Structure formats: C-alpha cells, structure tokens
Ligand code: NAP
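What follows is one chain in structure tokens, specifically the form predicted on its own.
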Amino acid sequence: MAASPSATTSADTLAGPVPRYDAIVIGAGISGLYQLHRLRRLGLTVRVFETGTGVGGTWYWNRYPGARFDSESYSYGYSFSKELLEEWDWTEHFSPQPETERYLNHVADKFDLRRDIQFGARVVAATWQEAPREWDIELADGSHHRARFLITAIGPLSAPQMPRLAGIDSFKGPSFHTARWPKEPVDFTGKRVAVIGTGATGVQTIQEVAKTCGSLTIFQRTPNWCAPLHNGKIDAAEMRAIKDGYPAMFAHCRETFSCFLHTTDPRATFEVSDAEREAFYEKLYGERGFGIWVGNFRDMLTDPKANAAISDFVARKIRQRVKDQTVAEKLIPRNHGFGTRRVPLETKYYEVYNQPNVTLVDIKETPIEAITATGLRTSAADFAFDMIVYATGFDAITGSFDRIDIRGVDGQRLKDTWTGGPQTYLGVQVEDFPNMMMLMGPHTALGNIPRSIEYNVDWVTGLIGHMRDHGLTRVEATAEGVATWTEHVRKVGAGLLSNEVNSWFTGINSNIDGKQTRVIARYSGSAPEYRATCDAVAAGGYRELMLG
C-alpha cells in the first residue's frame, strides 16, 4: 500500500510534497461515506474529495422544493450498523430532503468521517502513473494528490444539465437548476414562476411551487407516467415495529429483483380476468411507493400488449384527475409505455393542473426559442416571469465521469474509451484504467440505490483487502472480461421495453452532443444475479482480473 500522506518522492515540487494516500475517493455522498468507513477499517489512509461544502451527495445538492425519497425511508438507509439502525427514527415513509441530509450528517458524525473529507474540493483530472502504480489527482485549485487506488463515488445522476437555449444568461430575475438549489429558502409567494421540465424533479417541484405562487407556467417537452406516492407520517409505535423488522426487511430486499420492498407478481397480465386485472391495478395504484412499477405483472415490461394494458389504466386515471381533457391528453405520454422510463411518484401532481393559476405549455407544439431578460419566448408568445426553475435533469450515468479528465494507461482518456457507450467489467473496472474502481458506475445493478451501494462498496473493499493481504499493487480489467461483461449486459437487457425507448436508462440526452444514440448504460438483470456473479469472482481469488 502507499506511504503515509506526509511521504515525499522525486516527483514532489518546490511547492512542497504531494500528499499521498492509500486511496482517494471522489464524492462524499452515500457511497463515498460508506467507502471511507470501510477502507479505514482496513487500516488504510483515505482522502475523500467533495465539491460541496457538506456531505450527502444527491441529498446535499438536490434541495429543491418537494425533494424526497420515492423508496421507503427505512429501506433506503444504511444497513451495515445495527446501532445506527436502532438510534435513527424516520419521520415519514418517504423522507424529505432536509431529513435525509440530517441523517447523512449524523452518519458522518457518528463514524467520525469528516476528518478525512476535504470539502470545496472539485476534482478536475485524474492521471494514472505507471511507474509508481498510483493515480495523480488534480483539484480545481491546482493542487495535486496521489493514491494507489482511485475510487469514484460520483453517482449516476449528479451532473446537472441545462437546456441548450439562446439567451440563457440574460434573464434578470432569479433562476435555478433543481440540482443546484440555493441553501437559503426561496419564496414563491405571489410570484410568476416558470418550471421547465416534467421529469421526476419537475414533478416534485411543480406540486410544491403551485401551493404558494401567484402563477405557474409549466413548459413540458415530454410527459411522464406518474403514480401516487401515498406518503404518510411514521409514529413511534410504527417506527418501533419497523426497527424490529429490519433483519427480515433487508433480507427481503436482497432477494427482490431491484432491492425494493416490492417484488414482481408471478402472474402474467392476461392470465387473469379483466375484472381481476383491473382490481389488481387499482390495488397497486392505491398503495405506497414503486409497487405499481416493480411489483406489477411479470410481463408488464416485456410484452407490448401487457404494457399497453397498464398504460391504458394509468391514462384513465390521469383523465379522471385532470378536469380539462385537452390538458389531460397533453399529460399522457405517447412515445413510451408505463414503466419503460423512470416513473415519478407524486402527491396531487395532476390536481395542480386544475388550479386557475396554472398553465401547461407543450414545447413540442410551440418550442422555446430563447430566454429573455424578463422571461422567455416561444414560437407562439412572449412570457414574463419573476423566477425560472430548470428541472431539466442530468447528463446521466457517464456524465459525471465525462466532467473529469480521467486518463489511464498511456494517457488514454476514459471519455474516448466510452465514445460508443460504456464498457466495463462488472460495472466496477475499465480496461487500461488500473486501480480505478467505480461505485454505482455504468453496468452495475441500480434499483434501490443504497442497497446496491452497500454491496458495491463491500465488494471493492474485499478486492483491495485481498490485494493488501497478498502484496499486490495493481489490478486491471482484462479486454476479454470487459467484452464478456458488456455483452452480458446487452443480452440481459434484450427484450426489455425500457431499452427500446429514449431515456437516461439508455444513455440518451438530446441536450448533449454525442448522446443521441441509444446504448445499454445500466445492468438490466436482477440484483441477486449481479451479486452472484460478483461473489463468484471474489470466491475464485479474482482470477478474472489482472493482478500484480
């Protein structure tokens, strides 16, 4: 392993020695915090670099109105510490952002993690040094740091994307991207507000802004299928019962397809009568969380006719909830079926469109031509606003990697390696990028993210521990391993309707040059299958990797 942080070599400059660590972790979100904790328990020296001024990652940056879990709170928190599970009480079934940020700060304090985190530290470049077998990390302030291992904990949805619109800097009023929301409260009372985008963040923002604003104009390019969240408070007795049931609950999550509490119904859509099918849909629509998406009939996401049946059901719900049927029809997706893109969960979202001060603008019919000093202009009209909210999403999965100049063997750029789409081994390593491990990178099992994070971190920790115990200092994916895994990811995604539509699941982002071609950017198989493959590699001594 590397020398202590105070060690020097001939590479050190007149400005002073370059700090050295056993491992550098990029990001202090859920994965970065846990990875720091695990590596410290191995006795390694670790430094975490975090762009923000606090811990939390997603839950630090995404503080927009209405931001909250859409996985059940108690299934989303860490499971590695019984003491942590026992002492933390969740107040709602789907935790709001402020509570989640408090939780992650509590974790950082409980395990004394802050002393190894450098805040306000944006990594701009990472370069592999072959001779010393280490990574050179450059920060935005020009400083350099070295480590044997580089671990990316930068998340699949952490690179916010602004729309490509003329005049975007000309607006004189306040404007915000949902993923870069100010820490200070934003008051919408009486304001003329524009929200651009109706994805998951847009849906959550819209339903909150509509409560107090003077007027709200929503600019929608592509409608999404939304389903009710059915959130509620958790009282002391229910929290006690949840704590008593933690072992069984986490065991259950390990066995479900995507690590959610919900699991696919074993029946096919048309194996039941019309009445039974309708009753089942009604039941799911009335229950909490993602059940209607990941707990539906087994063929909902593979059979177009089955998908059309649930899509028709949800479309009928939208028509029932939205009074103006012209507006309702605009809110019903036509280019994808229910569940083939991420399903936003909502609380009275559709009812917002019944308010007299809310207007929906379809920008496929009347595109936005420019942002102006006083608002924006479409092909049909000029709009004046006091405030603009950009709920325009992320450069997903690979975007956070693209924003760092990562160079491997012989200076090869990761962005160039992934020009035709990501290629990985187990979603953890990339050929020609030794000693770089990705947490929740492309081709890993997503689903209920913290459940996948804990497994991902434990696996990486096991690999590094194996190397330490065997005196090994270099690990790299093989060309064969990458080709085999990438092809496996493609095969397990075959037949899924979600991989036949444009979304961040398939690497599509029309706002970004070079991201208009559909790729398989995520592992579409089950989480248990993914873990079984990774466990077999570990049990076999990591022979599939080049170790030295």
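One rule holds for the numbers: they count along the sequence shown, beginning at 1. Owing to the predicted nature of the structure, the values given are computational and were not obtained by experimental measurement.
In what follows, reference is made to the form predicted in complex with this ligand, a form of this protein that is not presented.
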This ligand: the contacting residue among V460, I196, C253, I397 in the model of the complex [heavy atom, 4.5 Å]: I196
Using a 4.5 Å cut on heavy atoms, which of R288, K317, R192, R342 is close to this ligand in the model of the complex? R342
Among 408 to 416, 216 to 224, 352 to 360, 107 to 115, mark the stretch whose residues have heavy atoms within 4.5 Å of this ligand in the model of the complex. 216 to 224
Indicate whether the candidate residues F69, P163 and A391 are all in contact with this ligand in the model of the complex, with contact defined as any heavy atom within 4.5 Å. yes
Contact between Y64 and this ligand in the model of the complex at 4.5 Å, heavy atoms? yes
Please check if T424 has a heavy atom lying within 4.5 Å of any heavy atom of this ligand in the model of the complex. no
Applying a 4.5 Å heavy atom distance criterion, does Q204 contact this ligand in the model of the complex? yes
Considering non-hydrogen atoms and a 4.5 Å limit, does this ligand approach L157 in the model of the complex? yes
